[in-house]
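What follows is one chain in structure tokens, specifically the form predicted on its own.
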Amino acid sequence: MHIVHLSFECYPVAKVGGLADVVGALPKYQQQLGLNSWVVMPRFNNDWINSRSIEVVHKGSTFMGSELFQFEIHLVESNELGFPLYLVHVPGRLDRKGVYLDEHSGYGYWDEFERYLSFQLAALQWLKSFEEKPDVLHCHDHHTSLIPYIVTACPEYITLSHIPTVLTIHNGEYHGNYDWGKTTLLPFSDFGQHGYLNWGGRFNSLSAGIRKSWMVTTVSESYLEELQYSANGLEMLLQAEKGKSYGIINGIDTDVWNPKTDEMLPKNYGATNVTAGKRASKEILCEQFNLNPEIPMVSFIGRLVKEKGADILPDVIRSLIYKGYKVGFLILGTGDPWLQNQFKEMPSELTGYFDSSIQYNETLSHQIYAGSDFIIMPSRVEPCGLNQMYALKYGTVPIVRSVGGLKDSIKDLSEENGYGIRFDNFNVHEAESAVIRAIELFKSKKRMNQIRKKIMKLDFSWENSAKNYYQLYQKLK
């Protein structure tokens, strides 16, 4: 079975969030199941791509509205990712360093829609040239969600109309929502098809993909349920299409996320020597960030945005420290400028108990997972979440809000065979109480070590999830 994944992100080629981690791992594990799984993504002008040997495998041109544009398809010659990686090169559109944001201004590109559409049209033009077509087109998020519409509604692509399409919603907050005038850039389709593009009087890419795809998946079962009641305006549509919708929780790539082999760690460790391994990592981190290694260390890694609940953390942290609790906090990430400034100022206010690193740093993130005692994820919305799974693999206990994939993957310590700390409502009091529970757990050294060993043995690898996707593909035949 030949699967083609179409995505704007793929780790380690270009990463902004969890979408990249999924697209960088799922195809590899599908290959191991015997599927011929490819990834097709833009050729960005970044260091990873520019340092690889590239073969030009196709050249072509097509129209976007009245504009004829040229494109090339490039194959990364090495197989270091474990699957074939193809890059769509559209000069002037996709050959920029930033994935979604201009690196100089920090704002989204003015031609955002044209970038997404040119990528989809070029990829489909290339696929049209195949004598033997793929078995499944697997589209990821709204950046590629027009593909199910184009191949079924536009006569130019009728030779692809028989190929089953799967649309995975990684984050239903973002729809690709535009003025209706943007529809003139699409290939010709019968006027009767235009209704699939309309949602609430706007051109909505994600709604078109949901309606036109053969199957919709979300990245956890709970998130599928939540989207039917909270999807930024698409609730009724997702309720109507629930018959073809499935929730499959993501996994993690245990080749990348493994404390036994992780080259980014100062000391490798496994479940048998977790105490010594984490202690070594924690001491280095605490020295670097002026924290006390003798008290519990709670970290946050991720985007500093409301969606992730990062805006609640300043109040939670200050409240605990001012009340006299002995606990250290470390923040790694970028996002909302107001939050970034908060976290930059707080170390001088809470010396010895708080520090932050306002950047994206993959190496440091691995070291924080290894050196922390707890990871906190107070998310408002969390489709799946991968950080809690990384934390488990590194023997770091997650403190999470009971939402989406966090609810599906973390069982509270109060439950039978529990191993994490959960709280239900998004407020300072409940988040603070969850951290206090973590502090009490830390004081019980014996139980803490038992929990660490237990969570490191839990299996959240992609192997199970890849099998579930394969079973769904089988239903499309």
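Sequential numbering from 1, following the sequence displayed. Remember, it's a predicted structure, so these values are computed and weren't measured experimentally.
Beyond the structure shown, there is the form predicted together with a small molecule, which is absent from this document and is the topic of what follows.
A heavy atom within 4.5 Å of the small molecule in the predicted complex is found for one listed residue only; from Trp257, Phe83, Trp199, Phe354, this is Trp257. Between the options Ala14, Ala466, Leu19, Met456, the residue in contact with the small molecule in the predicted complex by a heavy atom within 4.5 angstroms is Leu19. Each of Lys308, Gln359 and Leu386 comes within 4.5 Å of the small molecule in the predicted complex, counting any heavy atom. In the predicted complex, at least one heavy atom of Leu332 sits within 4.5 Å of the small molecule. Remark: Lys133 does not count among the residues lining the small molecule in the predicted complex, judged by a heavy atom distance of 4.5 Å or less. The small molecule is not drawn, but in the predicted complex it has no heavy atom within 4.5 Å of Ser189. Within this chain, Ser245 is remote from the site of the small molecule in the predicted complex, having no heavy atom within 4.5 Å.
The candidate stretches are 342-350, 269-277, 297-305, 88-96, and the one lying within 4.5 Å of the small molecule in the predicted complex by heavy atoms is 297-305.
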